[in-house]
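Okay, here we've got a single chain as structure tokens, the form predicted alone, with questions on binding and movement later.
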């Protein structure tokens, strides 16, 4: 079967053809660690985890899933100042909350590059854009540097917009020439901490949001990679600007663009002004981690997902039906392969990840298996099919187990090594260690003072 994916740039289904045969490189815009995660973050994480899981298990490809961490940003500085804490401490604390939720949902990434670890790469990329005539330092003498949107004829190609119709900033703001010119480097401000500024050829400052992802994709995945993903709300201006500056720098960038739909409440967008927000804590009070993951995956990833307590309750009931079937089995198969997947499931997943249709196939197998068990027949074929489908969707139904002393010692050792790596700002090593801990079936949570861990349920 051929995997078809909806490319947001061409606005059509395209057969997935990786740059390197048998391998897939995926970059997903991760969180800006300014405040606690919300439901939209969770949906994006699960959607692209399912994509990676399906390519890996369903097609046997090697997959590198990268989800960045924006750990320097205006909002981080503002929120840290309002709370009276160091901005780095806030970023680390909030990132710990995100990691805890991601791991609970079995939606861990293979690598999570941090923006602050790639400042040198960002400066080099900005210099490259200036040298190619696509960026300029502000004429007001400040350290501000902007992308020259009019210099790039294809600006607007991702969202199919003409530059004249785009919204932008005030023209006179910080020395930009045009409303659509966006910041690549921001001059340091007197009311911001010295630790939030880096030296550059243009003066003290920090990177703009968009340049961060372009620099990190190049450093981690190279100048040409397979898939760039994120929430629909990032398509413009963030992804549009990423594409423009990367292409203007001479990089081929992403072959496919994928965007997951938004989460609504009663048909309305979640917002503070409407007072209809749903916290992650509330969500997990209504259902287990696997039920929440099931609910997040229950609508097609490109469609709007509407929240209601009844929707989470339905997901909980659906998961319970699967769990009850598994409990009735003499033994649940563990060594399963893509060949154990029902053909209807494969067809659904290859059709732009039609998870709702795939879940219907999963429940059909559960029903058929229960019929066999009710009549004292062998349900091994259905058991293998269900186990394979759960594996493909990365739905973890494993029951809680007691803590093994050797496991506990190993986890504590890894946590100590990760703490040393973070202290040395070796985020890549810290990411690898965290992924190794996750592979042990353990969730870790970072606070400002320590890291705690627990076994996944």
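Numbering follows the first chain given and starts at 1. Definition used throughout: the rigid core is the maximal C-alpha set that superposes within 1.5 Å between two forms. It should be emphasised that the depicted structure is a prediction, and the values quoted were computed from it without experimental measurement.
What comes next is about the form predicted in complex with the RNA, which does not appear here.
inquiry  = Test of understanding: in the predicted bound form, would residue 11 fall inside 4.5 Å of the RNA by heavy atoms?
reply    = The answer is yes: residue 11 has a heavy atom within 4.5 Å of the RNA.
task = Give a yes/no on whether residue 418 approaches the RNA to within 4.5 Å in the predicted bound form, heavy atoms considered.
result = Flag for residue 418 set to yes.
task = Report yes if any heavy atom of residue 257 sits within 4.5 Å of a heavy atom of the RNA in the predicted bound form; otherwise report no.
result = Although the RNA is absent here, residue 257 would stay clear of it in the predicted bound form, with no heavy atoms inside 4.5 Å.
query = residue 56 near the RNA in the predicted bound form, any heavy atom under 4.5 Å?
reply = So residue 56 does not count as contacting the RNA.
query = 332, 81, 347, 357: which sits within 4.5 Å of the RNA in the predicted bound form by any heavy atom?
reply = By the 4.5 Å heavy-atom cutoff, the listed residue in contact is 357.
task = Could you check which residue among 268, 377, 343, 339 gets a heavy atom within 4.5 Å of the RNA in the predicted bound form?
result = The residue in contact is 268.
inquiry  = Check for me whether the RNA, as it appears in the predicted bound form, comes within 4.5 angstroms of all of 18, 108 and 221 - heavy atoms only.
reply    = The answer is no: none of the three residues contacts the partner (heavy atom, 4.5 Å cut-off).
inquiry  = Heavy atoms within 4.5 Å of the RNA in the predicted bound form: which stretch in 127-135, 361-369, 380-388, 192-200 meets that?
reply    = After filtering at 4.5 Å, what remains is 361-369.
request  = Heavy atoms within 4.5 Å of the RNA in the predicted bound form is the criterion; list the residues of 311-332 that meet it.
outcome  = Read in sequence order, the residues that approach the RNA (within 4.5 Å, in the predicted bound form) are 314, 317, 318, 321, 324, 328.
query = Is residue 417 among the residues whose Cα moves by 2 Å or more between the shown form and the other one after superposition of the rigid core?
reply = The answer is yes; the displacement is at least 2 Å.
inquiry  = Knowing the shift is 3 Å or more, I'd like to know if the C-alpha atoms of residue 438 and residue 321 are closer or farther apart in the predicted bound form than in the shown chain.
reply    = It is closer: in the predicted bound form, the C-alpha atoms of residue 438 and residue 321 lie at least 3 Å nearer than they do here.
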